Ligand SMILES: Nc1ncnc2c1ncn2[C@@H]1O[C@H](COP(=O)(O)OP(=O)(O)OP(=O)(O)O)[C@@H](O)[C@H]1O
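Listed next as structure tokens is one chain, alone, in the form predicted alone.
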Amino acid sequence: MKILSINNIFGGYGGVNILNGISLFVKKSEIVVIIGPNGSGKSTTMKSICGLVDINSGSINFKEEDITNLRTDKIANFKIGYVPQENNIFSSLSVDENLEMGAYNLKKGKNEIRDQAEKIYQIFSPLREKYKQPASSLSGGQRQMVAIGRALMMDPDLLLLDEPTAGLSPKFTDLIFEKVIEINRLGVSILMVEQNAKEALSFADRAYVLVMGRNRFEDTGKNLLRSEEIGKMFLGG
């Protein structure tokens, strides 16, 4: 079952198309990775799902409902969690307050919100002892845990991760990847843009390679990882 379908979309900003016919889909419980050179439209594709890009033609469907060009606040009601690459936490708020902000639009009581926060602390155990600390005091890897945890507070069916390991140490990169796999095993479908392409392809169910706002390659993660052409063009092989 396809949970997300992007169908031949053209779009961008200020009337200028950055996406030139992108199509992709995510099935329920899949991890799908998007790779490609800088400027290929990877992050713009993610933003288009969240209503942050003007889509001039084509369509985006989530669980068979058309969400093309819906306002961002409306898309949040569809249980789509989004972690942008930058500005993805409230630095002045505590870890716990950041998580609570992730549930701001849910019609849940305090006890339900606390129960959900407890699930986040079980996934990201290093945050538990720092729950009262301002997010600004955390390491880069810990801040990324907070960002992902906040997106998980809405109990999403689909989690969008834009470069979740950007700027992180190898240790935290490996840890974030481990958590991505763990979250997926809990039943959350994941669409991820990732610069550490080799590592991401090794556990991706499927992957897309974008170039100049267009689909260039599509296959299983392992097949793309084995491809000599992909290796030479995009993986430094």
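Quantities reported herein were computed from a predicted structural model and do not represent experimental measurements. The numbering used is simple: start at 1 and walk along the sequence shown.
Note that the form predicted together with the named molecule isn't included here; everything after this is about it.
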Report task. Heavy atoms, 4.5 Å, the named molecule in the predicted complex: which of 166-174, 63-71, 182-190, 31-39 makes the cut? Say which one. Result -> 31-39
Query - Touches the named molecule in the predicted complex: Q85 (any heavy atom, 4.5 Å) - result: yes
Requested in this report: Please check if S48 has a heavy atom lying within 4.5 Å of any heavy atom of the named molecule in the predicted complex.
Outcome: no
Query raised in the report: Contact between L225 and the named molecule in the predicted complex at 4.5 Å, heavy atoms?
Result: no
Query raised in the report: Is there a heavy atom of Q195 lying 4.5 Å or less from a heavy atom of the named molecule in the predicted complex?
Result: yes
Report task. May I ask you to list the residues of 11-25 that have any heavy atom within 4.5 angstroms of the named molecule in the predicted complex, in sequence order? Result -> Y13, I18
